[in-house]
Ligand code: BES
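Only one chain is given next, in structure tokens, and it is the form predicted alone.
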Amino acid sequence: MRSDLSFAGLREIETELLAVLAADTQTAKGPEAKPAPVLLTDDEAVKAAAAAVLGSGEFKAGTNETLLLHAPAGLKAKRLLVVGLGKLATASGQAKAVHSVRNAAGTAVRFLKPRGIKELILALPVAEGLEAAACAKAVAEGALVGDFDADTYRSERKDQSVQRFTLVAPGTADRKALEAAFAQGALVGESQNFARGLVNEPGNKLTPTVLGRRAAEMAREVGLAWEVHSTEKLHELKMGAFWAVSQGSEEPPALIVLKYEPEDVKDGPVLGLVGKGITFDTGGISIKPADNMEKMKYDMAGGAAMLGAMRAVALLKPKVRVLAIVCAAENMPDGKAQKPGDVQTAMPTAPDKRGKTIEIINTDAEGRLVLADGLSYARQLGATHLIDAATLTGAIGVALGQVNAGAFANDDETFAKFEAALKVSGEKFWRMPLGEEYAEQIKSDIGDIKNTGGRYGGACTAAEFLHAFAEDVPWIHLDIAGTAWIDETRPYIAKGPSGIGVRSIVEWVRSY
């Protein structure tokens, strides 16, 4: 979708559809309080065109509520679409206000798609507490994310994409700031969709080798340094945990390494992004139930998030060094697959150390194995700060549902930067606990550590497993298993891969 920014007057724009946002300004409470919707625009002609229906009570400006007016009086637009943000008192002047605007832009795009309207013009909302540049960035992100659909392989696919999106901001004083913010939002939205496209691919189309190829193609396009290795390199690096997952598949693994190194930055932190890239997960010998196993193509969503984030980083050009490692493999149950009770030796966390030994309790707890070697390799490549993302545990979905993703950290200062990033990204992560008690649950009688700690606190014991490989390097772990796939279409985003993590990781990187 082509995205543009315009500063034209709203009433003079000739278009199939003009969208404007509205909010409920009612502050009273109780059964007698009625919604008081207002349009968030300074254009009196637009306000007049919608005045009658807004005054009728038919439209309440609820969150992502829509109202379509045909042939609006006083405007050259053929249709006027009004999209609600909800209560202005809770949506204005706060970080979640911008997220409401982001979702409203996605809602507008998705409203158009089944109606065959190929162009959307949306007015930048104007309200006290809504910062123009932040809204411009969010609108660009939301519109692009809203345009994505998962029906890639339908033989008679009807292309309902919106071909052109224009944000209109009449009367803006600082046009350069708005242009920069809008461009940044478009880059991030495109990168989130890049990650979603990877997650959406079926396992027979996106093998570890193909994922490596796609990562390399993206790296060449945006100017990242890259390497993609396979079995021989895993053995050379003594990545016994990663290889243990790979050994049961006919498909070879892929060790994907991307580097972003600004020419004028020679010192300071090196941020290491590590992603789980299990392109299909049967569970291995500890095989999963048949129900919903087809979704296990999404088990590389953490790796896809890191690739999407690196794409955005390369284009946004922050002044900090970043490297990404994606450990891609299939987890399959053939005669060479690892078995419960096996002991594997992970890659050493430093050249002068011995690799930790891991007792395999459940072969379906494979993501933490590949991440263990990925974290160690990132450290050996010079990462001073680590962040990993993975669809790691079903337990995180039990704990937090499909609303929040889980976040763990061994360093409060590093996590504070991530919390600040969430206020910009609008994504929902909830910090979960680490602790010695969880580490005790994964102590092995035969080796150093077990790959599962039992039924209770599964997300926390999985995080403590990774903590053993991050050690004292500042580190954040994102468990996105409950939120990386959307089971039902929402007004602003399609059913399927969500691309969660991309926006937050990008903002975390930019904070350095």
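From 1 onward, residues are counted along the sequence shown. Model, not experiment: these values are computed from the prediction.
What comes next is about the form predicted in complex with the named molecule, which does not appear here.
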**Request:** Would you mind picking out the stretch of 340 to 348, 358 to 366, 144 to 152, 186 to 194 that comes within 4.5 angstroms of the named molecule in the predicted bound form, counting non-hydrogen atoms?
**Result:** 358 to 366
**Asked** Quick one: does Asp281 come within 4.5 Å of the named molecule in the predicted bound form, counting heavy atoms only?
**Response** yes
**Prompt:** Should Thr41 be classed as touching the named molecule in the predicted bound form when contacts are defined as heavy atoms within 4.5 Å?
**Reply:** no
**Message:** So, Arg102 and the named molecule: in the predicted bound form, are they within 4.5 Å at any heavy atom pair?
**Reply:** no
**Asked** Does Ala481 reach the named molecule in the predicted bound form, with heavy atoms at most 4.5 Å apart?
**Response** yes
**Complete:** The one residue among Pro262, Gly394, Gly268, Gly435 placing a heavy atom within 4.5 Å of the named molecule in the predicted bound form is Gly394
**Message:** Using a 4.5 Å heavy atom cut-off, which residue among Ala127, Met296, Leu422, Ile117 comes into contact with the named molecule in the predicted bound form?
**Reply:** Met296
**Fill in**
Of the residues spanning 266 to 293, the ones with some heavy atom within 4.5 Å of the named molecule in the predicted bound form are Lys276, Asp281, Lys288
